[in-house]
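First, one chain by itself: the form predicted alone, in structure tokens.
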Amino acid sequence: MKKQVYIYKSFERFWHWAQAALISLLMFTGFEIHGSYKILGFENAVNVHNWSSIALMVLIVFTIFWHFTTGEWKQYIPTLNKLVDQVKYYTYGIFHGHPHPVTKTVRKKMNPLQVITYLGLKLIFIPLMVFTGLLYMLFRFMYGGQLHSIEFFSLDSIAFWHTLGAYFLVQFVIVHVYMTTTGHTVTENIKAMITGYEEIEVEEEKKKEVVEV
């Protein structure tokens, strides 16, 4: 039986769209800083890039707090259960109208492949971007009335890893946007992330879980 279920909480939706806006702004200004085009001008692009990165770091701190205080961090516990089925679905079944191998619930919103992807994003690539971004911003600093530079890393190596992470994020965004169109309708997943409600299969034994939330 299908039912409209309130699956994405208000902060979760705010976090998602605020993060999407900030990452888009960082991508846009980042490419201008690298000279791919000239719209804002180099100095303005750097300023917008720096303030957007600070806003994103503040959002990340609040989001980590939200995940641990609400127990939502449990959504990211990886599992091998139905992982192979999910890979087969994305590489074959989705193009032949096969049913999704994993039923979404309030307590398990992501399939096993999504869990691995988002866990890698949160534990590897986001920290990489934050760490190298901070090194970039603080590479030269005043101390004792003199200008100093960070000695542990070269500016070229910081730029390399920051740019590498940025290109990964660009690929992630492209795949993520595409995957939002693979619901029962093209806009189903986007509507769910706006309203919080999604039509999902609710088995009899899972009704209690849905009602409790």
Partner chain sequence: MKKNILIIVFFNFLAIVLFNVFWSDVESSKANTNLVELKQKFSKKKKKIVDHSKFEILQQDFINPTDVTTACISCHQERHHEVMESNHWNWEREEYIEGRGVTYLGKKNIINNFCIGATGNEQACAKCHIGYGYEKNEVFFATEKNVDCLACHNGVDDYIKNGGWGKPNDKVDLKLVAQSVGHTSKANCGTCHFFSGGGNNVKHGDLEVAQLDCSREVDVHMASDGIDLSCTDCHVAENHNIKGKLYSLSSENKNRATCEDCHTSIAHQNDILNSHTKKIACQTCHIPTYAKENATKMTWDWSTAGKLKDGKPYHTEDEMGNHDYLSIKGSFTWEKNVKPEYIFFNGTADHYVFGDKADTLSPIQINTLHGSYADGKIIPVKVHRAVQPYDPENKILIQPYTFNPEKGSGAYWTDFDWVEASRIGQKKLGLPFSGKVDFAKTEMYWPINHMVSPKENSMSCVECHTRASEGRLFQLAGFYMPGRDTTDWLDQAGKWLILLSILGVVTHAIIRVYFKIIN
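Numbering follows the first chain given and starts at 1. None of the values given here were measured: they were computed from a predicted structure.
There is also a form predicted together with its partner chain; it is not shown, and the following applies to it.
At the 4.5 Å threshold, heavy atoms of Y178 reach its partner chain in the predicted complex. Using a 4.5 Å cutoff between non-hydrogen atoms, L80 does not count as a contact of its partner chain in the predicted complex. Heavy atoms of K74 never reach within 4.5 Å of its partner chain in the predicted complex, leaving it off the interface. For L113, no non-hydrogen atom is located within 4.5 Å of its partner chain in the predicted complex, even though that partner is not displayed. If you check its partner chain in the predicted complex, you find no heavy atom from any of P99, L121 and T195 within 4.5 Å. Taking a 4.5 Å heavy atom cutoff to its partner chain in the predicted complex, the contacting residues in 21-35 are I33, H34, G35.
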